[in-house]
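Next up is one chain by itself, shown in structure tokens, the form predicted on its own.
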């Protein structure tokens, strides 16, 4: 199976033979330096993966060779990079992190001068430069220099403290599974500086993961939920290695679907926001539409992928957007200039609990029940157009959306209420993603039929 993905989201793969190598890093670093149109340094950081230092050395060499100064934050999360780009008026940034992927994976993720992911057009331009290998090389006397910045996490926490009422949030006793990632360093500093009661587990940053760093209810149920009640915690949160995604368990030790995070935040933020648009992708739960309707909001759906989300954000005025996010526990809020930030998401959920004077279990129980099934099929035959046409013919009696693979919203009846399915090729891994959902009970028959067809043709 292919272990390297080069796409609009950057380069991602298993490190080593057949996957991502130092050559990929050098070439993408040179391409990014050539792509940048703004003067200024480039901010970089990495998560604690064992391969991170190797990728860092190649990236720094490529940027310096193109005459770009580098601000190196060391081990720090992508949200910290994005905040630092704006704070330091940098030309852009690069995160060395494969986020939710297993330890053998790594990736490069690119950001522009406002600290957001690249738009689709910008990502395409970067890919063109990479494939054409038309890289700028600075003369010997104009090479870049490296600055080590050890204060970025403190500046990031200072910005969080301006938005959240830390005095109010300190009351919560929270157990946090750091997945041996960047949240460990940030949350330990939050305890030290602001007196939080965060109990950190899997906090060692030694390049190995105690478990897969996936922000799913399954991983929460296995790794975190059993500890919440024995530790007398008000909640449990689990981060991916990059701290831009989060999942949680209630005070009763119940794992909660990652799909509930965006609608739960919408329920809290829409009444408090001038903007009434919730921006999400085609694969997230239809509960978002139901919750938005409670508060006069509107859901705008786009293809899966962070470039598509940035395109959609740029198509609206910032004040029109209440929040944006995915069904993976990744959420962006306008007060942070639309940065996917798991720690800000955790604080917002705790703030909602304090404001409503309800524990997380009651907030979850207030959400209508939607049931989603998710699967993946290895991409082998690459007969995706034929697969999608077959599915559209066999199951396409509803509303068809071809923006990103095939999504079909089905009429009520055979498959249940508000039933839909989505089939698409992953941008980050060599899989075809399959999702099916309905209001109430899970649409198992629909999911099984779509999965069987996908296995036969993908």
Partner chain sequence: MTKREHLLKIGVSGIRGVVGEFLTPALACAFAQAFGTYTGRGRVILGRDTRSSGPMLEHAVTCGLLSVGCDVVQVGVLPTPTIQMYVAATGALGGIALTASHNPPEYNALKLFNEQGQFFNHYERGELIDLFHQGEFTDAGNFELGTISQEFSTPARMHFERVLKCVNRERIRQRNFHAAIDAVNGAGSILTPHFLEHELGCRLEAISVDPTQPFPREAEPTPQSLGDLKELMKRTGAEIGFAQDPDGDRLAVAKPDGTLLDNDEVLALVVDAVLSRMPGNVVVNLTTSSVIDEVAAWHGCKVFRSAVGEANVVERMLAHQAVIGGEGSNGGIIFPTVHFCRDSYTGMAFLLDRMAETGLGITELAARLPKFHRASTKVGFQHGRLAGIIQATEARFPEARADRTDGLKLTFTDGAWLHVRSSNTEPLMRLSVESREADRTQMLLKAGTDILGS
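Positions refer to the first chain, counted from 1. Computed from a predicted structure; not experimentally measured.
Absent from the display: the form predicted together with the partner chain. The rest refers to it.
Please tell me whether any heavy atom belonging to residue 378 falls inside 4.5 Å of a heavy atom of the partner chain, as the geometry stands in the predicted complex. No.
Quick one: does residue 440 come within 4.5 Å of the partner chain in the predicted complex, counting heavy atoms only? Residue-level check for residue 440: no, no contact with the partner chain.
If you check in the predicted complex, is residue 405 within 4.5 Å of the partner chain, heavy atoms only? Residue 405: no, not in contact with the partner chain in the predicted complex.
Partner contact for residue 57 in the predicted complex: the partner chain, 4.5 angstroms, heavy atom: Residue 57: yes, in contact with the partner chain in the predicted complex.
Quick one: from 159, 234, 125, 104, grab the residue that has a heavy atom within 4.5 Å of the partner chain in the predicted complex. Result of the distance check: 104.
Could you check which residue among 252, 222, 354, 138 gets a heavy atom within 4.5 Å of the partner chain in the predicted complex? Selected residue: 138.
Select, from the options 202-210, 303-311, 224-232, 169-177, the stretch whose residues sit within 4.5 angstroms of the partner chain in the predicted complex by heavy atom distance. Checking each option against the 4.5 Å cut-off leaves 202-210.
Residues in 141-160 close to the partner chain in the predicted complex, defined by a heavy atom within 4.5 Å, in order: Contacts from 141-160: 141, 143, 146.
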